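Below, in structure tokens: the form predicted on its own, a single chain.
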Amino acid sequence: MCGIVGYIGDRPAAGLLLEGLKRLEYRGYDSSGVALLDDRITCYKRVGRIANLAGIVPHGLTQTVGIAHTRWATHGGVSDANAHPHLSRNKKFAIVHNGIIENYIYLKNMLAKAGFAFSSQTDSEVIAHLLEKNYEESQTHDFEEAFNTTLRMLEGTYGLVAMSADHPDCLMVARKGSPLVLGIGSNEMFVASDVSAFLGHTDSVVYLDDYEIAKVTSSSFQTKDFRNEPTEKAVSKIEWQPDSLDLNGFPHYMLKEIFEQPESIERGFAGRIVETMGTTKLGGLNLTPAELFNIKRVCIIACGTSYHAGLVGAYIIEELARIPTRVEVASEYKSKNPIIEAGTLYFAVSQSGETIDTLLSMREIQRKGGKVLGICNVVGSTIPRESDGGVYVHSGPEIAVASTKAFTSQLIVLTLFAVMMARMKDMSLNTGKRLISDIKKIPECIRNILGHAAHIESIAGKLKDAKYFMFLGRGISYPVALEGALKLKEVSYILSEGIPAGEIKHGPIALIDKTTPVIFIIPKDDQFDKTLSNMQEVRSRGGIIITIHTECPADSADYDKLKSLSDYMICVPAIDPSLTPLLTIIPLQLLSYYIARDRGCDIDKPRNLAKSVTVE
């Protein structure tokens, strides 16, 4: 949440900062601002999207140092005054901040007694005033010293960048619980909360760790920990290309990312399949075959869409590998005193690798002696760096707030893990080969579904005015129902619920009338006939039935039953039942997109949401 960009170099900073903010807008888009530095600090702030800010920043500005921010509001409403950057009383210090200062009320009262007046309702403004106070009270008038003194007074979390009019040759940076990365250019340096902010300007990056401070000049950086001890940092290379951030002719990133899934899934299993042995290999797990064989239980920790991927993964791991698997909501898990069990392997699943609840859960598990592996998309993010091993899903950049390709990429990795574990236990070679064959077919199956997007678009046009949707599935299709409902509510703001189909008689059926679209995920598996019975129950109450079903002959009894009960039918290719979620989710993503589009919603930036939840 919230996007931070900083620049110091020999090029005009304003355009680079605005470009970076546009690329980070998915992290927050309530308001934004830019502060530029020469012999003084000039600040521009505006409520709304980055385009509003760009409209008030004059052309031709020559300052070569600046910081910028796009906000997702926490403390204080959405207003120009509450937008970052925040300035000190004497206008000589400016800061941008992502996180929450938990003791800001105490600090604010202390500063008010010292004569400081506040122009915002944010917790962040206290940092700017503390910088001024600590700087003026110091013997040396040293910016770095004042910055360090200020950090010692803050309780909470922060990704923080500060600049000083008296010290225009550097930026001060600190991280505690909120991601920051340095971009190393030629006689220029970038600071950002995400590498996408400076993609195309440099591919050399340094990821800051928690409790780390950096002093950044145009030609160098120095890092220290909070004890003022120097730290050694490795320079990494960014894998993503600048054109991966382009829309490439699509009207929205969400639709582009839905259509990218055949390629992202191919990247997810590339080099990880051992076809002749009917198994898979996952480099980076840091576990010996004996350690893998002795795993007694699996626990998956995640939030949101990643949680739903974990739920599907649990079904697959238990079905194929016969290993008991549970899935925990990270925001709840981190708040309790978890029992860490010997013989349990823990997975932290996060697209960004920065999800704060998942990260804190991982740290708690590790503190108690558990082994945690990460399943993440963003290379170099915190969870992969702090975990005990793991797997990158290689989805490529995901810009739309509503996650689509990350879900299927996470799911393909969990499936590969399940096959690997199953082959170590009691899955036969022939069964393994058959599963591997079906896994390799998935990208082409998804291309087939995408080729019929117009059919799904036409159904969306007929359902766009509904007030409530019910998504139903059994077994492995239940988490797909949860994810389908989440996608629809995220982008269209329609009340939507994912419910186990067998549970509708226990209350939810009371909500169904002739205006209620009910979406059944009904692949041909051992739950097919029971789900058909649930469809009959909905039909008798007048609900509008949409079926997502696997391909079957048009003259078959199964097809006749589906057709007789359905108002609309969406077919996906037939595949092994354990792999069907990778296909049945695609029509639900498309349906959500087209309904939101037809309702005129802001699809890539839904109200009140941000892409990466990095604050509690």
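From 1 onward, residues are counted along the sequence shown. These figures come from a predicted structure and were not determined experimentally.
From this point on, the text means the form predicted in complex with a small molecule, which you will not see here.
Exactly one listed residue, out of Ser350, Ser409, Ser124, Ser477, brings a non-hydrogen atom to within 4.5 Å of the small molecule in the predicted complex: Ser350. Of the candidates Glu490, Glu328, Glu132, Asp194, Glu490 is the one whose heavy atoms come within 4.5 Å of the small molecule in the predicted complex; the others do not. Contact check for Ser361: no non-hydrogen atom falls within 4.5 Å of the small molecule in the predicted complex. Among residues of the shown chain, Val613 is one whose heavy atoms approach the small molecule to within 4.5 Å in the predicted complex. Contact annotation for Ile459: none of its heavy atoms lies within 4.5 Å of the small molecule in the predicted complex. Using a 4.5 Å cutoff between non-hydrogen atoms, Ala402 counts as a contact of the small molecule in the predicted complex. In the predicted complex, no residue of the candidate spot (Val393, Thr415 and Ser578) has a heavy atom lying within 4.5 Å of the small molecule.
Listed stretches are 531-539, 137-145, 333-341, 482-490; the contact stretch with the small molecule in the predicted complex is 482-490, by a heavy atom cutoff of 4.5 Å.
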